[in-house]
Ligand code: PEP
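Presented below, as structure tokens, is a lone chain in the form predicted on its own.
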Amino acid sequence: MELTDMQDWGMPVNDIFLSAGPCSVESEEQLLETVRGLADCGVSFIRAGIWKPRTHPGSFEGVGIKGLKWLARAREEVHLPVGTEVANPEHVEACMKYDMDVLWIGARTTANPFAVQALADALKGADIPVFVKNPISPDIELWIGAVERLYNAGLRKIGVIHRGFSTSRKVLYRNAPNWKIPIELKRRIPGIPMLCDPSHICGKAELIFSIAQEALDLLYDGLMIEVHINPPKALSDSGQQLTPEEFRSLINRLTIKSETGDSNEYRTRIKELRMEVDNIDEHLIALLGKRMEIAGKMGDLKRRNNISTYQPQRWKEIIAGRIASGSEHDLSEEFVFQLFQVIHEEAIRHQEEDKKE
């Protein structure tokens, strides 16, 4: 998949690609005051929601098409590209009429291949950057499939936005980052620009900096952050929006790191440490292989005695014990749980394999 480099998208790109603006356009005055506060912050494009797909009817669902006029005026005033989210072909048509510079597809829409295909058909042949947010569920195939549909429609200015994933588990954030999924997507589509949306991951303004910095540490191409002139008065997602002043302060605090180092000392030491890690990984693989061999024997024993493969009480004991052991080695509960969940699934697979000759 050959995509156009972000540097050729016709938008300002400084040290990092930045998108900022209100979750929702609420009024022309609110939008203009916000973008004025962002005019000198190194923003690549102003983001603002016009149509808001809310969970419950009756809540604020956006101002609609008139908001596109306000976005166009904001562009004229601060001389920055503007963009919004689209969810159906009618949205695309309206955005093209008002000459929007950037579009993105939201998490709820990405989860629906029919909706994404309709958008791809509406955008066919368009020369406009389109970002695809990850689906609400942690399904990398849906995410990649959405990118492929746009690519097959002839679009080449395609990027993705990592905004976290819904989870039934209690976590610190509004949406679990689940970093392994965007990292895997980047491995499978190496050239695709990737932004992080820490506003939606965190759900709380005070948590945004740490997630934004972690994304940059993982070599994301940029950030999309929600900014409102008066967050407490915001009609949607008030708790996760920053003021323009807070946004400027956050950006100035971020550290941009390089993928490689130039000093001989660094290169020598990192090579030594990587060799240690490789050696440990070889031992881990061997130990996991031995564990699965034992799991296979357990499966044979269970079949001969007509015992179920899955043992809920045993699984509960394993998780509790491994989390306790992990904490002694400074391993987070979430990491240990996810690790042994994968190990448990593989063990069940080995136990259920028929050992027929």
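Position 1 is the first residue in the sequence shown; the rest follow in order. Keep in mind the model is a prediction, meaning the values are calculated, not measured.
What comes next is about the form predicted together with this ligand, which is not displayed.
- Remark: all three candidate residues (Trp104, Arg108 and Lys133) come within 4.5 Å of this ligand in the model of the complex, counting heavy atoms only.
- Only one of 319-327, 28-36, 46-54, 300-308 places residue heavy atoms within 4.5 angstroms of this ligand in the model of the complex, namely 46-54.
- Although the partner is absent from this view, Cys23 contacts this ligand in the model of the complex, with a non-hydrogen atom inside 4.5 angstroms.
- When this ligand is considered in the model of the complex, His200 lines it closely, a heavy atom lying within 4.5 Å.
- By the criterion of a heavy atom within 4.5 Å, Arg163 is counted among the residues contacting this ligand in the model of the complex.
- Glu85 belongs to the set of residues with a heavy atom inside 4.5 Å of this ligand in the model of the complex.
- Residues from 245-284 do not approach this ligand in the model of the complex: none has a non-hydrogen atom within 4.5 Å of it.
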